[in-house]
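One chain comes next, on its own, written out as structure tokens in the form predicted alone.
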């Protein structure tokens, strides 16, 4: 049986409202489809950056779909209660099994994908346990690269039984088979604005307003990222550690830089988080140089931003941002990580 999903955070909104911050146009369209007889599609594709709210929207849609109350979701019926506790028998999640970024698909992982796909096909044709529908959530479809999985997924999307709804989440259209995209109603979710994320953190997760505003700036419009940072103090401390590491490297010699390259080369998850953090930092330095300090994300380190903006030439910052982009693209195509990092760190500007 395909694995069940547990919710990652509480319902942030009031009774009878969808538990979604932002993305109101998508909520309106989905709610309108649920209200019209025969208005729902059998396949949906939700696109957008990581942690922007795709999975939250799918869970909210499923809750409203299963709800037996008059105002959907009512929050009180058996189905809403089961969804709130992550135990609804008609809601299923299929997720990548390797856990890597970029994914490392080997013989064992490919077998797991195949087993999940075969379970999906079999379960899709079983009758719902609780009501009229069952919903399958295919997470991170851009990482499902085995042919067997994709072919079985396509078959399910092409010929689902009337009681089954397929919801697929992915980063962008280019990462999903065109034949799958063409059979889905597509919702392209955009990053949220700062006030929406700030409000969500304060109201839904009791984050102090000052911290919420800073997280909103740093989140790049991804509420899920901001919530994760707020709930895990160790990640917040890691941010400061990584930035201080960057500042030290600006004054480090060649050997010290290569030592960090060796250390980070085999840590893919930490590496991508570091690259993302550094990219935002250099963007902020460039904004300060251009007179746009008020648009910076790292506002809690503004004195350091101003020092680096004054010490470096604008063309140095622009060139290094381009270098980082090229290195990140190379890493995602499975080039030698150590060599790519060597290039990136040796080209880091020097401060005296």
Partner chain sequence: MRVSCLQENLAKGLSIVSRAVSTRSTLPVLGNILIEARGSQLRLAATNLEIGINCWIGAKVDDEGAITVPARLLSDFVNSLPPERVEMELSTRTQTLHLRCARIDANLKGIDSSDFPIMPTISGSNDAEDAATQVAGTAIELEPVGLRKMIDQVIFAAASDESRPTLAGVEVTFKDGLIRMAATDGYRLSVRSARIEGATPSDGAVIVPSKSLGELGRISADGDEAHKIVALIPEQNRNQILFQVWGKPDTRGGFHRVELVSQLIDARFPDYRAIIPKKHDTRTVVDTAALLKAVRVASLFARDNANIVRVKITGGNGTEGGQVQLMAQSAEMGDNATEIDAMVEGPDLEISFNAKYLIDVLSQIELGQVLLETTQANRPGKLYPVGMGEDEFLHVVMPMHSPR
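This structure is a prediction, so every number in the text was calculated from the model and none was measured. Residue numbers count along the first chain shown, from 1.
Below: the form predicted together with its partner chain, not depicted.
Q: Would you confirm whether the three residues 93, 119 and 123 all fall within 4.5 Å of its partner chain in the predicted bound form, going by non-hydrogen atoms?
A: The answer is yes: all three residues contact the partner (heavy atom, 4.5 Å cut-off).
Q: Just one of 246, 82, 154, 277 has a heavy atom within 4.5 angstroms of its partner chain in the predicted bound form, so which one?
A: Of 246, 82, 154, 277, the residue with a heavy atom within 4.5 Å of its partner chain in the predicted bound form is 82.
Q: Of the residues 163, 211, 270, 190, which one places a heavy atom within 4.5 Å of its partner chain in the predicted bound form?
A: In short, 163.
Q: Is residue 127 one of the residues lying within 4.5 Å of its partner chain in the predicted bound form, judged by heavy atom distances?
A: Yes, residue 127 is a contact residue.
Q: Using heavy atoms and a 4.5 Å limit, would one call residue 76 a contact residue for its partner chain in the predicted bound form?
A: Output for residue 76 is no: heavy atoms all beyond 4.5 Å of its partner chain.
Q: Test of understanding: in the predicted bound form, would residue 204 fall inside 4.5 Å of its partner chain by heavy atoms?
A: Residue-level check for residue 204: no, no contact with its partner chain.
Q: Find out whether any non-hydrogen atom of residue 89 is located within 4.5 angstroms of its partner chain in the predicted bound form, and reply yes or no.
A: Taking the distances in the predicted bound form, the answer for residue 89 is yes, it comes within 4.5 Å of its partner chain.
Q: Taking the partner as it appears in the predicted bound form, which of 170-178, 216-224, 252-260, 127-135 has residues with heavy atoms within 4.5 Å of its partner chain?
A: Careful reading of the contacts points to 127-135.
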